[in-house]
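Form predicted on its own, single chain, as structure tokens, below.
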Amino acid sequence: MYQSIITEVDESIGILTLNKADRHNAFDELLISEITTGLLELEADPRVRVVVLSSTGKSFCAGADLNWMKRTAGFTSQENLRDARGFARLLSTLNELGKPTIARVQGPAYGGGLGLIAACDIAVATYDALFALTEVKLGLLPAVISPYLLAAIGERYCRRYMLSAERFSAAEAYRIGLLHEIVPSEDQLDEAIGEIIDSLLKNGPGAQAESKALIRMIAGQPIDESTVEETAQRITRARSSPEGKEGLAAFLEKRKPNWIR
């Protein structure tokens, strides 16, 4: 069905794998379109509780594909805008997915590849992964990925790495907040992600989706009357929902809630 990605479901886990190892999983129009479609497919699959974004080969994602960049050089303004909107839709789809998302980073990530990582809820990488925002070297800028990077690492580190295009290590990516965990090898990468998934699967799927929506709504907002009222309304809805009632009943009855298989 897909040419540039692989999607599979393993029990409750949906796995979307970038599968252009010979091109270091670099973006082109097809890869962008297929990732977007694959994410929506996993979102709609009732079996899937958690989505893992992974890659084949030595690189997680090398940013923009050279052949794609050659084509865009001849684009009109409207063609460039359509192209940029496609990538923006991919990132917003990933960012707003109702299910928890995990980036499995087994190698270097450059340019837009950092956008994929930043748009995931959780990111784990191997020690030897490398990162860079290389757009300014080409006289370009990381505009479409910038909202997700700012949310992940903050303005101060965006200033340094967007302007300098320096490469930085997994340890630095962990220090500044792009990664949640780093491990020595790919085997340990899978073990670490497995432990995170185990924790995620214990929790209410509806509550997780609402928590993601809550974070998007609250982030950066002043704690004013409207924000306070919104949070009160949201917990009220959660308490009266079937999932909220089941979770509380399970806790009081000292049993597992019905979403744990």
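Because the structure is a prediction, the values reported are computed rather than measured. The first residue of the sequence shown is number 1, and the count goes up from there.
In what follows, reference is made to the form predicted in complex with coenzyme A (COA), a form of this protein that is not presented.
- Proximity to coenzyme A (COA) in the predicted complex, defined as a heavy atom within 4.5 Å, singles out one entry of 207, 196, 214, 64, which is 64.
- The shortest heavy atom separation between residue 58 and coenzyme A (COA) in the predicted complex is within 4.5 Å.
- Residue 110 belongs to the set of residues with a heavy atom inside 4.5 Å of coenzyme A (COA) in the predicted complex.
- Of the heavy atoms in residue 134, some are within 4.5 Å of coenzyme A (COA) in the predicted complex.
- Contact annotation for residue 150: none of its heavy atoms lies within 4.5 Å of coenzyme A (COA) in the predicted complex.
- Here the chain stands alone, but in the predicted complex its contact with coenzyme A (COA), taken as any heavy atom within 4.5 Å, falls in 18-26 among 18-26, 5-13, 233-241, 246-254.
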